[in-house]
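Below sits a lone chain in structure tokens, taken as the form predicted alone.
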């Protein structure tokens, strides 16, 4: 079983880490559009075009499945990508909604969605959650978290200051959806800010759950062959992958 994983940059490596931990694939091809990252501030039509171009890139490989690790692309371009691909294309937004619904049974629970400006503006998480009966949803763009993660700032004074900036007027929610694949790397800090009270929904774990339950991927592979590609500075992507994917 060979999977493609597409992200606007390096954040999708957090999804890859979950896939590797669960040993779902024999081979994974990762493509990060590092030349045009971030996608979060771009308009819908541009994001759709980038998503379709990613499908074209993966035509160079015989993949069985494409995982869209970028929340902005999952929110805006998933249907268009599915139309032009000849294999299943799944995204992290639907997986995140399903994971939240599986874990939060009380429909009156407060749910905080954090992500890029594009992801929040799409209302994709809000729409998916409301269809399942959830009413108390707050979606908050938190774009400054992305460059902090890119700079390997996962804790400390700078991150604390940014969290206070975004969260100072927010009561502790019952759940926080980490609506950007960069955010799992600062999940412990976000949880700590809210006194480790809310459930944190992680895109990587959500995708794994969706693949196992809906696509019935249950076979385990002891080793996974990895291939890394980037539209700019692939050596940097490979260095980050080596570091992030080796950390426990």
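Positions refer to the first chain, counted from 1. On a predicted model such as this, the values are computed, not experimentally measured, just so you know.
The same protein has a further form, the form predicted in complex with a further copy of the same chain, not shown here; the description that follows concerns it.
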Practice task
May I ask whether 43, 157 and 164 each come within 4.5 Å of a further copy of the same chain in the model of the complex, counting any non-hydrogen atom?
Solution key: yes
Problem - Segment assignment from 63-71, 181-189, 196-204, 32-40: heavy atom within 4.5 Å of a further copy of the same chain in the model of the complex - result: 32-40
Handout entry: Contact label in the model of the complex: residue 103 to a further copy of the same chain, heavy atom within 4.5 Å
Key = no
Problem - Touches a further copy of the same chain in the model of the complex: residue 21 (any heavy atom, 4.5 Å) - result: no
Practice task
Determine whether any heavy atom of residue 144 comes within 4.5 Å of a heavy atom of a further copy of the same chain in the model of the complex, and answer yes or no.
Solution key: yes
Practice task
Consider residue 58 of the chain shown here, and say whether it contacts a further copy of the same chain in the model of the complex, taking contact as heavy atoms within 4.5 Å.
Solution key: no
Practice task
Work out which of 86, 151, 169, 108 lies within 4.5 Å of a further copy of the same chain in the model of the complex, going by heavy atoms.
Solution key: 151
